[in-house]
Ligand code: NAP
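Below sits a lone chain in structure tokens, taken as the form predicted on its own.
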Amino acid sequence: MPSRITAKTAVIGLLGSPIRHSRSPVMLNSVYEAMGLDFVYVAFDVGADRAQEAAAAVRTLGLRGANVTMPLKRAILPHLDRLSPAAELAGAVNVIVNDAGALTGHLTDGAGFMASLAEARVHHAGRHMVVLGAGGAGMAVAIQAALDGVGAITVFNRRDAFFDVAQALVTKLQGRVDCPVTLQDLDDRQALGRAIGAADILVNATPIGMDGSEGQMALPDASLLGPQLVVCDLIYVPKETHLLKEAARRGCRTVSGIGMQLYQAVPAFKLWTGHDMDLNVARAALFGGAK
């Protein structure tokens, strides 16, 4: 952040709950300071029941924009003025840009995840991917993976509030992408076992494994993890979740969510500031402090 905050300093928010684990403020404020940009990035703990107030606050207080994380990625949609094509398709946002009171929602999670796979040298073209969790991040990953040439995608979610929303999205995708995308019940152990047994890439897009559930994972049994899998977790604190530890123990390649956290910020930074983010500074701030 700037060495001295003034009345002219532009504010970017981070909206979601829980929020104290996030390393985004450390990363982005380090980049603003290194690049001499008069911006500051501040976290605000906001639940889904305050989505309307949060959007109003961005307008009223004149924030330049915000990142949006769980549980607001869908809840805040009705309170925005416009959506990017990716956000409209996914029905979720992770970035808001404020242009003189007009709020536009964008979605960069999927592109960030695919960039993290490329950095880890994971080949995805034509492969079968299983995604655990049909929330905003999970569906963003599924959509971008389908657009980028993954061969087939199976999304698993319990039959909760996200399930019907995800089913509508999967139906919307038919005819728009060449990759078949299907939705299954996460509690259907047989379907889950068959899908993971045939998969090349497994992605955890649920919050299970982060703060408060560090010793847990979305899978019912680690024996489902075969050595053929590349196992990815969108969680980045802790850097090695219980799922990734179990996967490594069984000979799987693993990919932490910290790469996605870096790369999803690149387009957001450009939208807010008009500048390209200094990746070297961002990487040092993010990776250097990861647990």
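Here, rigid core means the biggest group of C-alpha atoms that superpose within 1.5 Å across both forms. The structure presented is a predicted model; accordingly, all values stated were derived computationally and were not measured. Start at 1 and count along the sequence shown; that's the residue number.
One more form of this protein exists, namely the form predicted together with the named molecule; it is left out here, but the text below deals with it.
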{"query": "Interface membership of residue 158, the named molecule in the predicted bound form, 4.5 Å heavy atom rule", "finding": "yes"}
{"query": "Residue 260 within 4.5 Å of the named molecule in the predicted bound form, heavy atoms", "finding": "yes"}
{"query": "In the predicted bound form, residue 68 touching the named molecule (heavy atom, 4.5 Å)", "finding": "no"}
{"query": "Contact label in the predicted bound form: residue 39 to the named molecule, heavy atom within 4.5 Å", "finding": "no"}
{"query": "Joint contact, 16, 43 and 58 to the named molecule in the predicted bound form, by non-hydrogen atom at 4.5 Å", "finding": "no"}
{"query": "The unique member of 89, 210, 122, 77 whose heavy atoms fall within 4.5 Å of the named molecule in the predicted bound form", "finding": "210"}
{"query": "Listed residue that, although the named molecule is not shown, lies within 4.5 Å of it in the predicted bound form (heavy atoms), from 196, 186, 117, 169", "finding": "186"}
{"query": "Segment that reaches the named molecule in the predicted bound form - one of 78-86, 132-140, 188-196, 173-181, heavy atoms within 4.5 Å", "finding": "132-140"}
{"query": "Residues in 235-254 with any heavy atom within 4.5 Å of the named molecule in the predicted bound form", "finding": "235, 236"}
{"query": "Core-aligned C-alpha movement of residue 69 between this form and the one not shown, 2 Å or more", "finding": "yes"}
{"query": "Core-aligned C-alpha movement of residue 27 between this form and the one not shown reaching 2 Å", "finding": "yes"}
